[in-house]
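Okay, here we've got a single chain as structure tokens, the form predicted alone, with questions on binding and movement later.
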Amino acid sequence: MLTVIYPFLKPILMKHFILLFTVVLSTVNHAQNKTINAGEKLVFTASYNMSGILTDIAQLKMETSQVKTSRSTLMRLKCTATTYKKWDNFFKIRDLYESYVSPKTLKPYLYKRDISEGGYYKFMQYKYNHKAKLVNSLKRKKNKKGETWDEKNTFNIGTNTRDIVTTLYHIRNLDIHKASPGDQQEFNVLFDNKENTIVVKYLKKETISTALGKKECYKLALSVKGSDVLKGSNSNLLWLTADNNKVPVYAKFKIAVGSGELRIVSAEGLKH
């Protein structure tokens, strides 16, 4: 998704918004889902610091739904990112990230990423073979003439490696209430056919004002091991409500070319 608005926007800003949420991963491999409900919808505003002014540039949605197949019933985890119309003439973003998972464990079976960013297009698909610890990957790109070409790969993954969308929801099944300030752990997330090591540190509980009202939250610091994508010590932060829903309500990020934040706008269909 985006990276930044350079003077105006570059295709990486939305990617960092998604990465912000992704950096906190589940410590339990395919633990029971106690938190996520089909029919949930979370809406966020993504803002970027432009010349010292925090400017709203895009909307991020996270939605869940039930999907029945010939063999089973799955849960669809869908994330979309869309620039507000006034920004479309500068840099139009229409991104879709989705995973199809077990509703009981959130174990992923299929992942898709379909992005359109200022004329740039990419489609990614992962099909999981958990028994063999393999992923079958399909990458499709398109040039300015509308011509497409595919690249297929099969590669090994670790037991606890997940795609970016599944990870966004696994975070909310963590037993964060058992953590002590300063506790940290490393996790793996699969993105663009590469495994990234994420370091998550629990800082403290903190009460903040949100569109949902004042919320006591778990405050977490995020970083990517071996990468300078996220800048500063404890400069990339995520707040989750300290309740059974663990809703992500606020995030701050700092990258090489600027800083910004994500703020929740609304939350519907929560399980608890």
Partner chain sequence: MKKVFVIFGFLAAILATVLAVTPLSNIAIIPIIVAFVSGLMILYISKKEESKPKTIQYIFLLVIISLSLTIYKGLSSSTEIGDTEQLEQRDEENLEDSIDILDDIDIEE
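Numbering follows the first chain given and starts at 1. All of these numbers come straight from a predicted model, not from anything done at the bench.
The discussion below concerns the form predicted in complex with the partner chain, not included here.
For the chain shown alone, Tyr202 is not a contact residue for the partner chain in the model of the complex, no non-hydrogen atom being within 4.5 angstroms. Contact check for Gln59: a heavy atom falls within 4.5 Å of the partner chain in the model of the complex.
At a distance threshold of 4.5 angstroms between non-hydrogen atoms, Thr207 is out of contact with the partner chain in the model of the complex. For Lys139, no non-hydrogen atom is located within 4.5 Å of the partner chain in the model of the complex, even though that partner is not displayed. Here the chain stands by itself, but in the model of the complex one stretch of 185-193, 167-175, 75-83, 154-162, 75-83, has heavy atoms within 4.5 Å of the partner chain. If you check the partner chain in the model of the complex, you find a heavy atom from every one of Leu54, Lys112 and Ser116 within 4.5 Å.
Scanning 84-109 for heavy atoms within 4.5 Å of the partner chain in the model of the complex gives Tyr84, Lys85, Lys86, Trp87, Asp88, Phe90, Lys92, Arg94, Asp95, Leu96, Glu98, Tyr100, Lys104, Lys107, Tyr109 in sequence order.
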